[in-house]
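Shown next as structure tokens: one chain only, the form predicted on its own.
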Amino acid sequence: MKKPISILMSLIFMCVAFVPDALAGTFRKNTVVMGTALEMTIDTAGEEAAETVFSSVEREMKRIEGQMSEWIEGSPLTEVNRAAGVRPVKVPGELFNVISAAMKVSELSGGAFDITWASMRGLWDFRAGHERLPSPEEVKKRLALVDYRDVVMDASSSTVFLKRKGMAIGLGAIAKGYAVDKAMEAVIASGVTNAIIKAGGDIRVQGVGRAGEAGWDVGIQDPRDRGRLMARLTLSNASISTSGDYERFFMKDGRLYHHIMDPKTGYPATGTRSVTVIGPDTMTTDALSTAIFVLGPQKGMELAKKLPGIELMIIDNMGVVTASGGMELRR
């Protein structure tokens, strides 16, 4: 699950439609795509040009959702899940590449990131008034279906096969990041070079923010206090993603249960409140923020240090903040 990161600049805020900003040539829009809040801010020549760019972003993200959603009936991914244990399914090259990228993160993280976690769907319910804590027996039974190593991919035929019936793939922790990257490509193709696309907790910043500044000013929220920022940083031409335990959760017998699952236990990962990852593309930061959340502070930081171009900030379950050396935080 991704927690929206606070954007400090006055250019970004919730609104029902795009409107001219106080700065000449800056426009913004808020809508819902891929089941999450989408916020866009761009610098362009005028209102008509801005509307064209915003429309291209929405089309691109909806196109990707149509391929990679496990909820849209008839999507290529639902076909893969439906054929689990029966036959391989030929998928579009884009979907094949995203699943391949997910598998690489699984290998890097030793299985802390695992798209077959979707095999456990329905066991947990985090909706207010519908909270459900599954029995140990239920968890054990479904957990037997979770193993990324049982996803068989054939690049020559572009097919994906889940070895056992009941298995399922869910791309919620990587496809949205990919969609943000592709949406920004559409923005740049239109001639716009100064923009932010923010989908839930996944953000791509392009350009330098306000004229004359070094980049976009971004705040990282305290996972236990919505009104407080833990740190600030300035970003340009980069991606940033946050995973946290504070958006979808419930309390039972004094314990917090959230929906970032540890694929090895079938229960919510412990030891971490939030993870923020900065990197060169949003597909990578999206997946790594989940993987590192599950790994925990020590192993997560060890992984980040091995990956070029990746910076990391972790808030552990005691509220202690640890950041990699290249993340220039400001209070």
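A residue's number is simply how far along the shown sequence it sits, counting from 1. Bear in mind that the values here come from a model prediction, so they are computed numbers and not experimental data.
What comes next is about the form predicted in complex with a small molecule, which does not appear here.
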item: Candidate stretches 186-194, 92-100, 131-139, 242-250 - the one whose heavy atoms come within 4.5 Å of the small molecule in the predicted complex; value: 242-250
item: Partner contact for F113 in the predicted complex: the small molecule, 4.5 angstroms, heavy atom; value: yes
item: 4.5 Å heavy atom contact, V205 and the small molecule in the predicted complex; value: no
item: Partner proximity in the predicted complex: P263 to the small molecule, non-hydrogen atom cutoff 4.5 Å; value: yes
item: Distance check, V277 to the small molecule in the predicted complex, heavy atom within 4.5 Å; value: no
item: Answer option from A173, A238, L162, M230, heavy atom within 4.5 Å of the small molecule in the predicted complex; value: A173
item: Proximity to the small molecule in the predicted complex, single hit among R255, R82, H259, R149 (heavy atom within 4.5 Å); value: H259
